[in-house]
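Take a look at this one chain, the form predicted alone, written out in structure tokens.
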Amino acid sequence: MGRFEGKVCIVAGGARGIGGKTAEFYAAEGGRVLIGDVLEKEGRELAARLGAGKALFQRLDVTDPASCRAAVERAAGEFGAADHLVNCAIRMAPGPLVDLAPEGWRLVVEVGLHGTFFMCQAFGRWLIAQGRPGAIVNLSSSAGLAPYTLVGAYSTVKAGIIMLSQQLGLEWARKRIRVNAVCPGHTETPLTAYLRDPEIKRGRAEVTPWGRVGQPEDIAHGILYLLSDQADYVTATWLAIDGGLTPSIFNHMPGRKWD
């Protein structure tokens, strides 16, 4: 019997990458999944692959509170409940902050931070109205723990997601709604196409204490732990899943060799 037998999860930004792998693993452990995304083709294909009765796709624009509410209502209507939420939706606008156009800044903030808030709010309101416990995992990043040069909007949003998760985790603790964040390091997904370059991937692996870049399944395993009953006493915190990268700054100082 899987950890999520009889449970239902909404994965926002779940059509591919970390969200897609989380949906896949959740279903494999007995749960049912609503995959929400603006990527309709990829989302429908994933839902079909996971199977009718196990997964369904809903077009979800996390910047629209009504779309977020509709996703929660459909999951509850189709599957009879909603127990878990994973927020993975994000957009990128790389470049120096001094040159970043207002629309680039707004895009990252609206999808990453506003979208995470709107989905948490819609899901939390439904749980509270139903008197049900639940768990939420929001996707932050190692870039939310330390500034990531040339993707300043992304880094700022990911830091905000950590604080939002802690805030909601405390506000909803007595409602038995747990809220946590995960902070992946560099992870090979469609969003990180640069890691397809063998030289870049090798260089990233060399500076990671564990000796390789992350894969979506590495992050999905951590997300599923935080959703599971095994993490019943874990809320309002964050989990780094980065092969030791974030705390390894002194390993890369001149005069020190990592081996």
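One rule holds for the numbers: they count along the sequence shown, beginning at 1. A quick note: this is a predicted structure, and the numbers were derived from the prediction, not measured.
The same protein also exists as the form predicted in complex with a small molecule; that form is not shown, yet it is the one meant from here on.
The candidate spot formed by 13, 16 and 191 is fully in contact with the small molecule in the predicted bound form: every one of the three has a heavy atom within 4.5 Å.
Checking 135, 89, 71, 108 against the small molecule in the predicted bound form, a heavy atom within 4.5 Å turns up for just one residue: 89. Contact with the small molecule in the predicted bound form, defined as a heavy atom within 4.5 Å, holds for exactly one of 62, 27, 226, 46, namely 62.
For the small molecule in the predicted bound form, the listed stretch (121 to 129, 181 to 189, 72 to 80, 96 to 104) containing residues with heavy atoms inside 4.5 Å is 181 to 189.
Using a 4.5 angstroms limit between non-hydrogen atoms, residue 158 touches the small molecule in the predicted bound form.
The closest non-hydrogen atom of residue 56 lies beyond 4.5 Å of the small molecule in the predicted bound form. Proximity of residue 139 to the small molecule in the predicted bound form: non-hydrogen atoms within 4.5 Å are present. When contacts are judged by a 4.5 Å heavy atom cut-off, residue 39 counts as touching the small molecule in the predicted bound form.
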